[in-house]
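There is one chain below, alone, in structure tokens, taken in the form predicted on its own.
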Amino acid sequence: MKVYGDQDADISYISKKVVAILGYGNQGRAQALNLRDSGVSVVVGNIEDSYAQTARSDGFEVYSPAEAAQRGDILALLVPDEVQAEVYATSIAPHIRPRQVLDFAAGYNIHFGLIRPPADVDVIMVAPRMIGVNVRRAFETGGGVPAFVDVWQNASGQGMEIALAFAKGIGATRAGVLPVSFRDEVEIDLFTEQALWPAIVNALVTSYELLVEKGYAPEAVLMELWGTGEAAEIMTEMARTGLFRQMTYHSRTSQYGTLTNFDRVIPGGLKANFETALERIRSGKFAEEFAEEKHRDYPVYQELRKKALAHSLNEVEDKVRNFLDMAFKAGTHQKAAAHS
């Protein structure tokens, strides 16, 4: 697969255009600041709320989404997936003009047909593979985060050049940009959310409940499973050195225990469950279900969220977090005293 770097992108394709960032949230703020620092003209489209106030504090001109859509040559739709179609229908579609560019950070609404742009505009995707705060932090330190890029509709004939220029403007080409289709981006992303993470979270909760049932102290169990952040560090090391290669940083006992039990602890039905989840995503059934859930004001989500927050492990987490905070502060004071 081709990986695009800085040398493959020419920012002049967007440097004389106005980029309208629609939605000044997680990704919106990071991308707006990075683009401005790259010499690109940026305006912000946002409803009047705290995000609009933040954009003004950051020195941007802030307009309503509709007015920003009229002012921008490139419209970056960075509002959440579930409201994008509504924002497009009310604020963009009535004002869209030929040769504008629609940029998405996720393939959801285009792939599932919730947004249907006219044939005379470019439709591109520049999708950073990291939360917005890290998109900004990496840029400020001279780096970047990887991104996926694609052109869904190439009305101008320069869609890929514009997409790569945008990726360069936010710093993504510093780390590497991969050509990944709208379809693949959204289906892989949804699969991770609906198959992999449920399996991981379920395994953690089941482990916690079993060990507490068997008489182990809840605080000790929670700290060992995820409370100290060791699991997060292991995941980070997987990304740095490799899923299996990172095992060399663990004891021989740990490695032997993991490798000899690898095939035993994975239920035979896990792959079948994953395939079912993927088919539900690819068929569009999930998108239909989620649209209905939104229409009904999220009753299922609210009930499941309430149930999750009622689990007893939440109280144990509070205790462990307080303990770790105090331990960290004590350690910091001792270190400061030693150097005084």
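One-based numbering along the sequence shown. Computed from a predicted model, the values in this text were never measured in an experiment.
Not pictured, yet referred to below: the form predicted in complex with a small molecule.
With a 4.5 Å cutoff on heavy atoms, L78 counts as touching the small molecule in the model of the complex. Looking at G132, you'd find a heavy atom of it within 4.5 angstroms of the small molecule in the model of the complex. In the model of the complex, Y63 stays away from the small molecule, with no heavy atom inside 4.5 Å. The closest heavy atom approach of Q27 to the small molecule in the model of the complex falls within 4.5 Å. Contact with the small molecule in the model of the complex, judged by any heavy atom within 4.5 Å, is made by just one of G72, G144, G169, P128: P128. None of L114, L211, V87, L222 but one reaches within 4.5 angstroms of the small molecule in the model of the complex through a heavy atom, and that residue is V87.
The candidate stretches are 152-160, 100-108, 174-182, 115-123, and the one lying within 4.5 Å of the small molecule in the model of the complex by heavy atoms is 100-108.
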